[in-house]
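Shown next as structure tokens: one chain only, the form predicted on its own.
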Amino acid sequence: MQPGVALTLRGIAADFGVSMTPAREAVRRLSAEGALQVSKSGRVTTPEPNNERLEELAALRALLEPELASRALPRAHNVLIDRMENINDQIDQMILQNDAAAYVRLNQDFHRSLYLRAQAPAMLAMVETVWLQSGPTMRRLYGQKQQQFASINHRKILAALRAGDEPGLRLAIREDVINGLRLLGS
């Protein structure tokens, strides 16, 4: 979803084929995680983070994601790396098709595939919360600036995984996060 989009409980319930109670609970949880904002009047919107907030979220990613990747490296077998390469190929296709929503989803799938191998559920939960908070902004970014930075950085990540290069993997993950921040801030 784009930043600043207004949502209604009825609309959420209808979109997901549920009653108002699960829709209300989902909004409550997502607002607690910072993925949605609820005004005092009860208006629900997707957040529009400012540059300071984006920098904070990117700093969290730059701290957590290289550590997750490092922990996953000993368990990153060829089948996983091949799967990640396939996801990256799909990302390239989404760039060509200008499908921003699929691009963001696949980018998260690429990273999540690796981070699941870290066997660090608390760290992964933190990263996923950061992704939730920055999701609408990433959606807008990739909708406006269809560029192949993620795909290029992902190739560096894949090369480091194949080589078993832990310092190179940390650097490639950090570069991927920092390049995303540069695009978000511009």
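Don't overthink the numbering: it's just position in the shown sequence, from 1. Everything numeric in this text was worked out from a predicted model, so none of it was measured.
Keep in mind that the form predicted together with another copy of the chain is missing from the display, and what follows is about it.
This chain appears without its partner; in the predicted bound form, the one residue of Ala35, Val44, Leu158, Ala120 with a heavy atom within 4.5 Å of another copy of the chain is Ala120. In the predicted bound form, none of the heavy atoms of Ile152 sits within 4.5 Å of a heavy atom of another copy of the chain. Another copy of the chain is not drawn, but in the predicted bound form it has a heavy atom within 4.5 Å of Arg71. Using a 4.5 angstroms threshold between heavy atoms, Glu25 counts as touching another copy of the chain in the predicted bound form. Residue contact with another copy of the chain in the predicted bound form: Glu56 places a heavy atom within 4.5 Å of it. The candidate site formed by Leu80, Met84 and Leu114 is entirely out of contact with another copy of the chain in the predicted bound form, as no residue has a non-hydrogen atom within 4.5 angstroms of it.
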